[in-house]
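Coming up is one lone chain in structure tokens, specifically the form predicted alone.
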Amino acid sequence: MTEVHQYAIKRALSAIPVLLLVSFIIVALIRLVPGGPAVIMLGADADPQQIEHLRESMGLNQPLYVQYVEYMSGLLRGDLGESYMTGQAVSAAVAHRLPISLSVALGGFFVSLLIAIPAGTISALKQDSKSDYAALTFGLLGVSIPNFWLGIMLLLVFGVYIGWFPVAGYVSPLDDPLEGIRYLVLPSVTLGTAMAAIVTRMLRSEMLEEIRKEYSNAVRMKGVSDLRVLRHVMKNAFIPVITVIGMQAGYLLGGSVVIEVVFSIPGMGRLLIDSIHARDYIMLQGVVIIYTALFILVNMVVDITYFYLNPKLRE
């Protein structure tokens, strides 16, 4: 078994207690939200005895640790429970909505790298030029502008006034590739802009540091072409950048919640907001736990990739 495999197993095992702790916090915090599914279903003016009877039938009158143990025992069997409001299985709702949210997040990820890698590279190679200042300005604006505001502006300009893209809804790229891409362009650009700005600034900084190192000058003095020097510089510069990319990729999942509301996309984010409004505890905690598991998974993959690419960590 190689060192990378051993590290991967160690990271996977360390993720288990984290997920258990986070799941308990989620279950506890959700039940601190004012109101409850019984009050929402019967109305605030309902008879208190009726509300208490409904809470008892739902198992909400049991101690918190009992509710948590029962929920986790079902979760370990692959059962996320059933919605209090619709009776739909949470796993079925997640299976339908998750691919939509992942397609939005992947679109944002692709757009961010499409912008960040050329912008960061050109900015580093042409330091103090107009291109460099443009990249730095983009990096500043990208992390400063709220993504919901940017989404609304893009929607108004390119959706309402110019009419190039749809203003709301979702079409799966698997069903209709061209139409699916048209629906994903504006949400992906909105979601990926902040990540592109962060990665651009990070890549520029790392590349400038590598360019100034002695090995870079030594390679040039040997007559190696600029393209090959650039390949070596980018390879070394990308090792720390990968960590930032991975962390931002995890944040894209959370950021998609706001984007789905702005563009009326029926994904996990929309399901999360609807569950909060309805105080649908089972659906809400199922969605949040899935988000948490995905975030942990992304970070675990990033750590393993970083360990694989950086030989110093294996010494």
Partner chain sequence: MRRLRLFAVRFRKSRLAMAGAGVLSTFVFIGLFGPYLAPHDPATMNTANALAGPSLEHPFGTDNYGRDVFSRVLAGARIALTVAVFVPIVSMSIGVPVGLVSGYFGGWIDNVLMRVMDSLFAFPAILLGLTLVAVFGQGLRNIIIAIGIVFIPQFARITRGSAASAAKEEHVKAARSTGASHLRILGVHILPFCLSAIMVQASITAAVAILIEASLSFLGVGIPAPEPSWGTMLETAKGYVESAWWFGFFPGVAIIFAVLGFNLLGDGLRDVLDPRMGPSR
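Positions refer to the first chain, counted from 1. Keep in mind it's a predicted model, so treat the numbers as computed, not measured.
Below, we turn to the form predicted together with the partner chain, even though it does not appear here.
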Tell me, yes or no, whether Gly250 is in contact with the partner chain in the model of the complex, where a contact means a heavy atom of each within 4.5 Å.
-> yes
Non-hydrogen atom contact Pro177 with the partner chain in the model of the complex at 4.5 angstroms = no
Can you check whether Ser205 is within 4.5 Å of the partner chain in the model of the complex, heavy atom basis?
-> yes
Contact of Trp164 with the partner chain in the model of the complex (heavy atom, 4.5 Å) = no
Given 141 to 149, 67 to 75, 108 to 116, 184 to 192, the stretch touching the partner chain in the model of the complex at heavy atoms within 4.5 Å is 141 to 149
Which residues within 151 to 179 place at least one heavy atom within 4.5 Å of the partner chain in the model of the complex?
-> Ile152, Met153, Leu156, Val160, Tyr161
